[in-house]
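Below, in structure tokens: the form predicted on its own, a single chain.
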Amino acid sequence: MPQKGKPTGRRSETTKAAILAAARQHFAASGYERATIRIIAADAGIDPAMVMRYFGNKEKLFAAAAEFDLRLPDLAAVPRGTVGSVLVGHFLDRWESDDTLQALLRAAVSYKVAVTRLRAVFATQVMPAVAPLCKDRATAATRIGLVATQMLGMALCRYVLRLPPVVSLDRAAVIRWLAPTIQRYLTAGP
């Protein structure tokens, strides 16, 4: 028999999913500081106390909402000369299909937990997937860090700051502009 007052079963998973969806949307749109438990709860159609019951506090809610899998393709299977365009296209797809990355980027400007999450995504997902492409393993971290500067810079300007010249670029144009730089960072000499 379930404990009284504890969420259980399918309903609790549905409620938790609704809270996380609302949290991702608000953190992406407003940043960490301006997103509130009260607004997130209202969007999820529940009492704010339920958010606290599931997540404890705003910081823990953000950490749960910021869990993210980049679902990077197997880059070893990609023809070496197209790695730049494949990565740019993949990141565009991920940025445009999930508010979590936008929430992380927006929050990372001023919130240490978001910085930590972005670094973890970089260290646990990007580095292992991309490092094997680098001929010189001694420069792999630097090369991948430079790739991150381009990808995060594009995301910041396109999805957060919404700079009109960058927003107006279609997908093919973004790939045309960024892919050669990403390709050079990964495969060219130092």
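The first residue of the sequence shown is number 1, and the count goes up from there. It should be emphasised that the depicted structure is a prediction, and the values quoted were computed from it without experimental measurement.
As for the form predicted together with another copy of the chain, it is not shown, yet the points below apply to it.
Quiz item: Are 75, 85 and 172 jointly within 4.5 Å of another copy of the chain in the predicted bound form, each by at least one heavy atom?
Solution: No, none of 75, 85 and 172 comes within 4.5 Å of another copy of the chain in the predicted bound form.
Quiz prompt | Contacting member of 131, 70, 146, 37, with respect to another copy of the chain in the predicted bound form [4.5 Å, heavy atom] | solution = Partner contact (heavy atom, 4.5 Å) among the options: 146.
Quiz item: Is residue 166 close enough to another copy of the chain in the predicted bound form to count, meaning some heavy atom within 4.5 Å?
Solution: Looking in the predicted bound form, residue contacts with another copy of the chain include residue 166, since a heavy atom lies within 4.5 Å.
Quiz prompt | residue 108 within 4.5 Å of another copy of the chain in the predicted bound form, heavy atoms | solution = Residue 108: contacts another copy of the chain in the predicted bound form.
Quiz item: Is there a heavy atom of residue 135 lying 4.5 Å or less from a heavy atom of another copy of the chain in the predicted bound form?
Solution: Contact check for residue 135: no, nothing within 4.5 Å of another copy of the chain in the predicted bound form.
Practice problem: Check whether residue 62 has any heavy atom within 4.5 Å of a heavy atom of another copy of the chain in the predicted bound form, and answer yes or no. | Solution: It does not: once another copy of the chain is placed as it appears in the predicted bound form, residue 62 has no heavy atom within 4.5 Å of it.
Quiz item: Even though the chain is shown alone, can you say which residues of 161-186 have a heavy atom within 4.5 Å of another copy of the chain in the predicted bound form?
Solution: Sequence-ordered list: 161, 162, 163, 164, 165, 166, 169, 176, 177, 178, 180, 181, 184, 185.
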